[in-house]
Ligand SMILES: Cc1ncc(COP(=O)(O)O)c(C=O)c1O
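First comes one chain, alone, set out as structure tokens in the form predicted on its own.
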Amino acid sequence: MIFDLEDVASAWELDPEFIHLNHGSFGAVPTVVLAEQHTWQKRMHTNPSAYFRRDVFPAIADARRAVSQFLGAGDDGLGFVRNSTEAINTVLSSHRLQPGDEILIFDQEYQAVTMAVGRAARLAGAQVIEIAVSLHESDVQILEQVRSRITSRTRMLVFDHITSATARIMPVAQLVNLCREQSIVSVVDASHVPGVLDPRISELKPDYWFGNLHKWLCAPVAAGVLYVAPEHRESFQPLITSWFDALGFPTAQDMLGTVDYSAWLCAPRAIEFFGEFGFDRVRAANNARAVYGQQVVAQALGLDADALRDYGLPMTLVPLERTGDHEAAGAMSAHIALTHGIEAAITDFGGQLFIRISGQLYNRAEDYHALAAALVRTREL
């Protein structure tokens, strides 16, 4: 099996001692983007005064506009964050809950986000309502689940665009519309979306939307974005109070003090890198790799490969014949890495373990066959 754009694998300098099949967790930065980052870091270190007093913030504004255009967020819709964890904490800090409020969240939400929501609710005297969604529920069923849990005290719904543990697309547009109809604040965790989908955020019109640029867009680590709807921008408060605070969103969001901003500044170069091949082509090539891996692993484990879902994503899911929690998933991931030299994501949901298979341009067919063989041997332990 030869994948489209296989020759692009040389654009990354990944450790050859490992097979890298966990792109969805942390991404991987192409060499040209790393070179761009090193250029910015050199400017910072060779003349810190010029960099921080005159150069960096106009450059951040330019980078922000480029990313906003790419994601369809309007000129002033996005601010930079370091990751989705920072984004959800920023939203919850600015859009405060009140005693007695209810906040809805799905049981498939990323655990760090769930924990942030839980802490904000405890501090405010609010209540978190967790909505259980099975792996096989339809979009219509999910919407009805949410609708049935809305009360006069419901103030916010936090939900994934693409789930992390289970790799599925949620009915985002319908959920945002439902929130708008019910006067509920919509908070979209789009951690996996930039580079995978074309969200057109200004058309989607959520209250808040955040995503990581270091995953599928392959910007350096510590690059993420936070969208704030126009009606919230005047009252929005960044997590960090800075010298730019009086300028409001998004400019006030840009200043974290004396830190390395190079990851944000490299985001336009990451967009250019994939744009040279065409994003539609890249997405199709990555999705094909993930589906191929899903089929190979399922067949090796004796599963009905045709029964597995394909959401058209560069991540796919295969159930494993093991029960376990997050700790068990991490232990199994570590075993596969240290014993078989394969970096792969074992996830858990509902007490069951899964292998979440990623596809990126640096992956080849033999990577997935090696993973399948490792999982078969691990199953025999």
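Numbers for residues come from their place in the sequence shown, where the first is 1. This one's a predicted model, so the numbers in the text were calculated from it and none came from an experiment.
There is another form of this protein, the form predicted in complex with the ligand, and it is not shown here; the text below is about that form.
Asks: Does every residue of I162, D189 and H192 put a non-hydrogen atom within 4.5 angstroms of the ligand in the predicted bound form?
Replies: Every listed residue reaches the ligand in the predicted bound form, so yes.
Asks: Please determine, with the chain shown alone, which of 154 to 162, 266 to 274, 251 to 259, 300 to 308 has non-hydrogen atoms within 4.5 Å of the ligand in the predicted bound form.
Replies: It is 154 to 162 that comes within 4.5 Å of the partner.
Asks: If you check in the predicted bound form, is Y110 within 4.5 Å of the ligand, heavy atoms only?
Replies: Answer yes; at least one heavy atom of Y110 falls within 4.5 Å of the ligand in the predicted bound form.
Asks: R289 near the ligand in the predicted bound form, any heavy atom under 4.5 Å?
Replies: Output for R289 is no: heavy atoms all beyond 4.5 Å of the ligand.
Asks: Quick check on Q295: any heavy atom within 4.5 Å of the ligand in the predicted bound form?
Replies: No, Q295 stays farther than 4.5 Å from the ligand in the predicted bound form.
Asks: Taking the shortest heavy atom distance, is N83 within 4.5 Å of the ligand in the predicted bound form?
Replies: N83: yes, in contact with the ligand in the predicted bound form.
Asks: Residue by residue through 2 to 35, tell me which have a non-hydrogen atom within 4.5 angstroms of the ligand in the predicted bound form.
Replies: Only a single residue, S25, comes within 4.5 Å of the partner.
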